[in-house]
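Read the single chain below, which is given as structure tokens and is the form predicted alone.
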């Protein structure tokens, strides 16, 4: 069918080009929702800003790096401790928030001196930390501060420190996707190649697009270790600043989250000739397929098959138990971008769950191409969805559970519909064989909790 104008969007007819319902026999390339475009005025977007995409998603995950936010303190606070990405150094990156705390007088007179003072104070307060990211925000970009000049001056005074500047004010792009791009491209051009990694295996990779949410990196690292593969850099889960400077020596870039990570993988291929291999690490079938791709590249197919057999013997009985009880349940996925197409066939093939609606906050055209190709007929696809659209779609498809972030999650809980945190997980990790069992468990617990029925009961007037 053509693009769909929802009833709630009658006053914003432009939204018709952002909603599609898949039907049989259609050339879906003609009905891709418009994406990666500015939010239409009048539509209450669920997107984040470019700064958020750089700091919260990618840079803030590094375990040995000060994250200095050059702007008002609210920008720092809003991106602090909202993702569950642990590390093996006592979670340094989760404990602190740094900000230059720009005030009105700094906007008027300039804030470069304040930035230098803040950088030096941060290094002095944490003498064992020698690496820093500096992020511009809307206010400091608008007044024309030059953070790169400040960083250069500090590094000249203190040769033992290294600073990377990410110029990604919130207004730089239409969504957080722009922040992914700015950080990735800046890093490859300014920092990669500055450190020579120690090579300990004949097989080396960069694993790109894994941010160690609730221990995802630990699960995947066990697989690489059993296969004898050395990961030079995890981009950026449980990673160090200097590990990412040595990415140029890998034989292969294994890309998981293609939206936030694809930029740097493509540039590594252009500049250093490192081939790119995309995998999905959520779901039994996808994880096995991804491991086989890597095994084929290195010629270690026997090791891969042994690993898959071992993991499936351990976890498949539990997966089958959940599949029997989740068969036919309806699920909506309202997340950032790639997880729509990472998860849709994984939950349908491995759990028998029907994905009935998908909404992307920052997906691009190629993301919608993938997810619509993988999706079933009758599924609703939305770019940059708003609150009223979510209400209307819920009435249309009546999902049993929704995978989304806490903001929309709190909204749907008021409708007595369970949600699973698709951004930072409920009880992860969710990657790998073990992780997908965790995901199935959280879905099972969500749809079978008696609290939803109790929450819907009207007890007004009852005598307690």
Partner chain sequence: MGCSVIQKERSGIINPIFNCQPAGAQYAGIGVKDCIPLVHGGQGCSMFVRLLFAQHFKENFDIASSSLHEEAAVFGGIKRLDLGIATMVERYPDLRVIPIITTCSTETIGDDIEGAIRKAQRTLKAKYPDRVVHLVPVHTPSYTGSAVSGYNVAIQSLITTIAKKTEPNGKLNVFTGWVNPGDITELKHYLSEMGVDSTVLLDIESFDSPMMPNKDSFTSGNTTVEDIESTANATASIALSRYEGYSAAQVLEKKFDVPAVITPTPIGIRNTDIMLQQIQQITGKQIPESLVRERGIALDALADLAHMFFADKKVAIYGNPDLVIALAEFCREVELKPVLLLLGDENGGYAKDPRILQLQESVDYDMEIVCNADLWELESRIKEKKIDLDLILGHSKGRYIAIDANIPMVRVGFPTFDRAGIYRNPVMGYKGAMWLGETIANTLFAHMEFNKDREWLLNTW
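Remember, predicted model here, so these are calculated numbers, not experimental data. Definition used throughout: the rigid core is the maximal C-alpha set that superposes within 1.5 Å between two forms. Numbering follows the first chain given and starts at 1.
The following text describes the form predicted in complex with the partner chain, which does not appear among the structures shown.
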Residue 416: heavy atom within 4.5 Å of the partner chain in the predicted bound form?
yes
Any non-hydrogen atom of residue 12 within 4.5 angstroms of the partner chain in the predicted bound form:
yes
I'd like to know whether residue 240 contacts the partner chain in the predicted bound form, with contact meaning heavy atoms within 4.5 angstroms.
no
Given that the partner chain is not shown alongside this chain, does residue 305 nevertheless sit within 4.5 Å of it in the predicted bound form, heavy atom to heavy atom?
no
Contact segment among 219 to 227, 367 to 375, 94 to 102, 285 to 293, judged by heavy atoms lying within 4.5 Å of the partner chain in the predicted bound form
94 to 102
Just give me the single entry in 319, 279, 300, 114 that has a non-hydrogen atom within 4.5 angstroms of the partner chain in the predicted bound form.
114
Quick one: of 161, 274, 195, 138, which gets a non-hydrogen atom within 4.5 angstroms of the partner chain in the predicted bound form?
138
Triple contact flag 17, 65 and 346 to the partner chain in the predicted bound form, non-hydrogen atom at 4.5 angstroms:
no
Within 378 to 397, the residues that have a heavy atom no more than 4.5 Å from the partner chain in the predicted bound form
386, 387, 388, 389, 391
Please state whether residue 453 has a C-alpha shift of 2 Å or more between the shown form and the other one, with the rigid core used for the fit.
yes
